[in-house]
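Below, in structure tokens: the form predicted alone, a single chain.
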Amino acid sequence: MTHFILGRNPRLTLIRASALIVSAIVLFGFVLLPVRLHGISMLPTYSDGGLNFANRAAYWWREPARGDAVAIRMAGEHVVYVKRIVGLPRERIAIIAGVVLVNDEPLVEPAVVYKAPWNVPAFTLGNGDYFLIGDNRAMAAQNHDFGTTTRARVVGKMLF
């Protein structure tokens, strides 16, 4: 029976199984964070109820960039939101009639299909601050969580 379970070379099988277990612990314990999405704020890019992964290693050697879909830690260890970065540190941000302005220039956003006429007065981001917003701008602004966050809250870049 053990020949059937462990194969012809039980030692090699156990080494492979151990390597697989250690790799999975490292991968899911330190690099990939599973994220289950709740809500429609990131439609059409991410669906409600979908399971995706945030790559925590993506920002170990570089800073987050405009257009990155990121996981951000909001309250506690297990509350994570997924939003898109539209504003970088020290940039001037405004939203006029649904159009995001960065340093008074309209931002081209291919992931945004529908835009509601949102208005947010101009403000300047501080050092280490990012402005994040969901892709589903058809929702009323008061029903959408968006705004400024710090670099420390950015957990990782969404993989897909």
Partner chain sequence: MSLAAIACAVYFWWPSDERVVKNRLRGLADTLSIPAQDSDVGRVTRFAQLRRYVADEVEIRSGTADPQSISREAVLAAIGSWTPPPGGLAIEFVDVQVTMAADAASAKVYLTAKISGHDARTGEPTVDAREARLRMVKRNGEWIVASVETTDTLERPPS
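Positions refer to the first chain, counted from 1. In this text, all values refer to a predicted model and were calculated from it rather than measured experimentally.
Below: the form predicted together with the partner chain, not depicted.
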query: Partner proximity in the predicted complex: residue 115 to the partner chain, non-hydrogen atom cutoff 4.5 Å; finding: no
query: The partner chain contact at residue 123 in the predicted complex, heavy atom, 4.5 Å; finding: yes
query: In the predicted complex, residue 149 touching the partner chain (heavy atom, 4.5 Å); finding: yes
query: Partner proximity in the predicted complex: residue 141 to the partner chain, non-hydrogen atom cutoff 4.5 Å; finding: yes
query: In the predicted complex, segment of 131 to 139, 22 to 30, 104 to 112, 53 to 61 with a heavy atom within 4.5 Å of the partner chain; finding: 131 to 139
query: Partner contacts for 51 to 72, taking the partner chain in the predicted complex and a 4.5 Å heavy atom cut-off; finding: 72
query: Direction of C-alpha distance change in the predicted complex, residue 26 to residue 76 (at least 3 Å); finding: closer
